[in-house]
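Let's start with one chain on its own, the form predicted alone, as structure tokens.
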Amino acid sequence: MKKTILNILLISVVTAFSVKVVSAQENLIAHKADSVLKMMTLDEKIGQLNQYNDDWTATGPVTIDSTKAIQIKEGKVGSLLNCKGTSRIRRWQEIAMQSRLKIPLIFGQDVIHGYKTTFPIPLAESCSWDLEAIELSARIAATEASAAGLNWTFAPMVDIARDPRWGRVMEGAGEDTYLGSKIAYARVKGFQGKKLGEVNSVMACAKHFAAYGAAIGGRDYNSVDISDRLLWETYLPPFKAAADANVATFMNSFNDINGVPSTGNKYLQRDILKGKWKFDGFVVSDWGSVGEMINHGTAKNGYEAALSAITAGCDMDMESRSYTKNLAQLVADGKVPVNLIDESVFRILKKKFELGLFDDPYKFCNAEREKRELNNPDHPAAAREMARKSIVLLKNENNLLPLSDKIKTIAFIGPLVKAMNQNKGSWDVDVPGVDSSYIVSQWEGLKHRVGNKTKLLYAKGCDIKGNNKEGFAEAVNIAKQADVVILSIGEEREMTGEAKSRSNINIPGVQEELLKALLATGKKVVVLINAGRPLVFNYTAGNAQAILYTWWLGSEAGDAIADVLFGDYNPSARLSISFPLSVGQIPIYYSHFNTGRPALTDDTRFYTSSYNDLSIYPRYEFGYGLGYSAFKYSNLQMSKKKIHHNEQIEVSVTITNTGKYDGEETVQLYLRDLVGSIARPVEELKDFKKVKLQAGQSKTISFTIDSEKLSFYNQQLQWLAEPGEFELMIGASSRDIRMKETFELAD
């Protein structure tokens, strides 16, 4: 007993000391940043607020500038983006070290889902519902990126997105605020590691602040028209989660919200982010968004745009040159006080000190470390595991999958079977000096798995786009020779991403017609759908015997797909976004409000909120996904049926694997506030647990419900839980609810 007390005291002392050390370190960094700030001229201060693109690949409209090196030498640039590789980054940093105060540059890059080792696109990863795996994915991306000289990634994108026409849906975590917030937190922790300043850590950037995913019509860069309550309840929580994870930077968004561009939105940046949330990092604009306020019609020229942005709290101008051209004059004219510029510079300098760049400007420029980490054998293994976890089994008629090792001949058909770079998806990184040979194609993955035991036949069949059917005959002939057909179809990777909004999200070209021709042979067909967004594929959904949604799985796609096809991995992914039957249903999401005339089923169409010619339900709902095992839910228990605000309910449920394969189930807990001062969603995800079970095994899992899970923003934007009756729902998806109960929150 004495030993236990002594241990507790020691832990308390160590904890207290750690807090003091951290606080002292923060104070020291602030003191150093302030000391540098006091030595700077106004031009040098403005330079720290200026970010340029390197002369290589651009991710926005390019401005040709032959004086970039001169400006860096004069201390007029604070950061570069799209600069990769230790040798090139070292050369730029050497130029910065020739400036008067030798303030180092920060080097940023869109490392969205891996650097060299490419992981599944973020939307695919989110379907794993595996927070540890997602954090590891970001951790490896940061390790490789930092080894290549980078110290800042423009990720994670935490925008909630409910419109698959929007091309950037592939960068986020789907439609749900709760799941999206958990993933935002995990990704920030992964990118930033134990602390900034370690050589395998990069600054994360929560983007796009805010509500970019709510662009009207799914058109990229479009306006957003939402209420304050919807902003706070649906779109801001993932950003708050990122802030709680101590994210180093934020990026504002291209869109306006109710007429105010985010880049010049004081309410977002100063009142909420830097005020209410006490965020002490810095805010960077998106590419050119400061200058684009002129197009929005809220600024007459660059002078007014710079005034609006700096006043609103945008600290760094990415590539619009609005600050470098106008801030000095704004100060001279008395429109911008110097202390406003000082605040932004101070925030940026603090991060440079935290990164350790003042102590060693070249700490991220170790060529040996770059070579070692870009060839780390543990990284492809982790990417393969993440890819397996991201594959969603949508259909498995008569248990066609997993395929048997006894199959003698497989026909592998489709325009994506032998593709290499397609598997990386959009927003991959083109690493200098690295070709595509390390990417495992789907063809190679299947060959690795079956070896010489099974004969593999191949036909392309058709292109991804276009109407050419000349390859159909060969594909049909190949299919007739096989015991089973695997068809790999979908989008091109560049059909989804920034500036890739589409009004037609059907599977392009004649690919579904190819499926129809193959099914006419009488052979069983497994369809792999490769995409960066939910697609519409009603013929495939209705007629193929098995469907795996393989998204864009990254550099280990081929092996991961083979693992799932043959049951070496039992698919466990669940959709993080609803799949519509038709674009006519968009936006469609599970957590909608009821109306005075709700459409309860497709049989109650008239005089209800429904379509006369289309179902009210999506093709596949949020949380949906199959596996090779079945799971039974039983024995729902609640510790109490009535609680007060300071009390909790413990909920337990028993899950049994009734199948013959070991597997993993994602148990989802939804709540509904049955009567509120304002209408509440028909259901809201409030918790989930992933449980691994051997065939025949049972396990009891538990959840805790408290007033925080019952709270919402009322009309006055107060976060509170109202007394009343609530419905508890536990199930395998937002529609597949297995167990229900009610309980009460008392006054």
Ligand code: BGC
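Numbers for residues come from their place in the sequence shown, where the first is 1. Here the structure is a predicted model, which means the values were calculated and not measured.
Only in words, not in the display: the form predicted together with the ligand, which the text now covers.
Asker: Might residue 115 be said to contact the ligand in the model of the complex, defining contact as any heavy atom within 4.5 Å?
Answerer: Judged by the heavy-atom cut-off of 4.5 Å, residue 115 is well away from the ligand in the model of the complex.
Asker: Can you work out whether residue 631 and the ligand are in contact in the model of the complex, taking contact to mean some heavy atom pair no more than 4.5 Å apart?
Answerer: Contact with the ligand, no.
Asker: I'd like to know if residue 163 sits close to the ligand in the model of the complex, meaning any non-hydrogen atom pair within 4.5 angstroms.
Answerer: Flag for residue 163 set to no.
Asker: If we define contact as a non-hydrogen atom of the residue within 4.5 angstroms of the partner, is residue 427 a contact of the ligand in the model of the complex?
Answerer: Contact with the ligand, yes.
Asker: Out of 130, 498, 664, 354, which one falls within 4.5 Å of the ligand in the model of the complex, going by heavy atoms?
Answerer: Of the listed residues, the single hit is 498.
Asker: Since exactly one of 493, 388, 168, 574 fits, which has a heavy atom within 4.5 Å of the ligand in the model of the complex?
Answerer: None of the other options qualify; the answer is 168.
Asker: Quick check: do 144, 383 and 438 each get a heavy atom within 4.5 Å of the ligand in the model of the complex?
Answerer: Spot residues vs the ligand: no contact at all.
Asker: Determine which one of 227-235, 201-209, 417-425, 592-600 lies within 4.5 Å of the ligand in the model of the complex, judging by heavy atom distances; exactly one does.
Answerer: Going through the listed ranges, the match is 201-209.
Asker: Residue by residue through 237-266, tell me which have a non-hydrogen atom within 4.5 angstroms of the ligand in the model of the complex.
Answerer: Those in contact are 251, 254.
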